Ligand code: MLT
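A lone chain, given as structure tokens: the form predicted alone.
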Amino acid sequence: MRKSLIAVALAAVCVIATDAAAQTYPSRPITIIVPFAAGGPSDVLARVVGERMRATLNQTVIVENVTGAGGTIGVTRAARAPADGYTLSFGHLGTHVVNGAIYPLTFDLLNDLDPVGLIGANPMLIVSKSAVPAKDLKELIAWVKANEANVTFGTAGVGSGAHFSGVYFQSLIGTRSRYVPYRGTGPALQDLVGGQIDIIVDQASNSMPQVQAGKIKAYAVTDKKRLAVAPNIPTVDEAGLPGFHVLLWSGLWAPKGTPKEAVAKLNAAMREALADADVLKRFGDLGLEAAAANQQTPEALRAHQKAEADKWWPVIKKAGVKPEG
């Protein structure tokens, strides 16, 4: 009888402790792992959203850059972190979908991370160094074909947005030029500006400031509509490569098994960030679009991630993309 009473008492204490933990979450800083270098588009987006989430959660939100292997090192670290709501994985179509078709991951990309929410989408820009002689996309394609063996495409590693977008681009025009990997498209863009590489199919949010400054050339946006921030840049359909549509959507995930209460609080903070006028203005300046309100839920991100895997995995596998590039 005494043992039974002790067991009941202990169970009650555990329930109380669990409820208290849920009520007080978060009680310490939260880390968002960004799998690319500081200064790149993923880093910038995570910091903009994370800073606004800080105000809602009343806790410091730290962005940690863990680079390498097309983002897989950072995502793996996040997936293996304690499922307590204090470590999040920031990523996009490349890191949380495409890499599953390329790398021999030690976890299930679709099932070993719990979605927090879809943040938004970022179309790509086809950009080149200023010295490339092409004046429009058709001329660029002709130039790549004529100089195929010597042309270089910058990427953030195999499986990154710039990489699989470049692979898709080259598959459509029938070339196999060389890819130059970096630890993020931030460093890759620096070398494009410096003339060290020729082309990047890059996130608009990353390239736009350099395009507007006249330091690189932009040929087309990989969307069905033009960017409001740069209405003079044609779409790929208008420029002569119809169907080359790539939207690099981004989201937040937590390790599998993270308490639902923590996920709910994180999602609420993310949604508040995406409704903030200052955040939305920053998004607009970068050519980003926030996800629609009904797409910001964990359930919507899970469904979208699965649908994108069904779409992209056959494309990547058919292209024969390997981890070594």
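What you are looking at is a predicted structure, and each value in this text was computed from that prediction instead of being measured. The first residue of the shown sequence is 1; numbering continues from there.
Omitted here: the form predicted together with the ligand. The next part is about that form.
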At 4.5 Å between heavy atoms, is Gly100 in contact with the ligand in the predicted bound form? no
His96, heavy atom within 4.5 angstroms of the ligand in the predicted bound form: no
Would Ala162 count as a contact of the ligand in the predicted bound form, using a 4.5 angstroms cut-off between non-hydrogen atoms? yes
Could you confirm whether Pro115 comes within 4.5 Å of the ligand in the predicted bound form, counting heavy atoms only? no
Quick one: from Pro255, Pro181, Gly186, Gly166, grab the residue that has a heavy atom within 4.5 Å of the ligand in the predicted bound form. Gly186
Counting only non-hydrogen atoms, choose the one of 219-227, 153-161, 103-111, 236-244 that falls within 4.5 Å of the ligand in the predicted bound form. 153-161
Heavy atoms within 4.5 Å of the ligand in the predicted bound form is the criterion; list the residues of 38-58 that meet it. Gly40, Pro41, Ser42
